[in-house]
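The chain below stands alone and is given in structure tokens; this is the form predicted on its own.
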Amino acid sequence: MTPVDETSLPERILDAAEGVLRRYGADKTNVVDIAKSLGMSHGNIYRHFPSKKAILNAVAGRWLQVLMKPLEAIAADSDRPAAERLKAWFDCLRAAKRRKLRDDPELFLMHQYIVENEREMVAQHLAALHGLVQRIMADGIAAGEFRPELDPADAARAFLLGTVAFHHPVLVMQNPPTTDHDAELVFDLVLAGLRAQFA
């Protein structure tokens, strides 16, 4: 067996889990296969992750962190107009989901499983997305770009609901032909409803 570096082991386990998931899919992946790919006993895995489910959740959580970083940067870029940030945010999110489906289909299926079965993780992720859009909405209202009577939280919720077909994992997987033109049409309609009369 390979000597175990405990400090880096959790990340190595997740890297190995991703590789096994890509080969076998979530249903056929097991902790023994992950351990074998690392050249260690499965007991080493269980010291850091109590179950296969915990590993799958951690793999999904790690991808969600990667997904969120550029979205956070866009939301925080208050030098740009809110409408421009909102479009960039929307494009970034949907491109990331489509790229994952195209380039990493087995892991995308795992994320679909998480959406359907891990309600707490999904709720936290949705709350984070909502918070970012709410920030953009609040900036747009304060700057006079968006209608002054709008509530930023309600506007953010409406935006996410109105664009859900382009970023919900299940819908992205079921409707891969959805085009950039479709996204533009929906975004332009939503933006027209947000804009102040003289923006």
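Model, not experiment: these values are computed from the prediction. Note that residue numbering follows the sequence shown and begins at 1.
Although it is not shown, the form predicted in complex with the DNA is what the next lines describe.
A.B. asks: Quick check for you: of 141-149, 43-51, 154-162, 64-72, which stretch puts a non-hydrogen atom within 4.5 Å of the DNA in the model of the complex?
C.D. replies: The contacting stretch is 43-51.
A.B. asks: Does at least one non-hydrogen atom of residue 57 fall within 4.5 angstroms of the DNA in the model of the complex?
C.D. replies: No, no contact at 4.5 Å.
A.B. asks: Is the gap between residue 131 and the DNA in the model of the complex 4.5 Å or less for some heavy atom pair?
C.D. replies: Residue-level check for residue 131: no, no contact with the DNA.
A.B. asks: Quick one: does residue 170 come within 4.5 Å of the DNA in the model of the complex, counting heavy atoms only?
C.D. replies: No, no contact at 4.5 Å.
A.B. asks: For residue 30, is any heavy atom within 4.5 Å of the DNA in the model of the complex, or not?
C.D. replies: Residue 30: contacts the DNA in the model of the complex.
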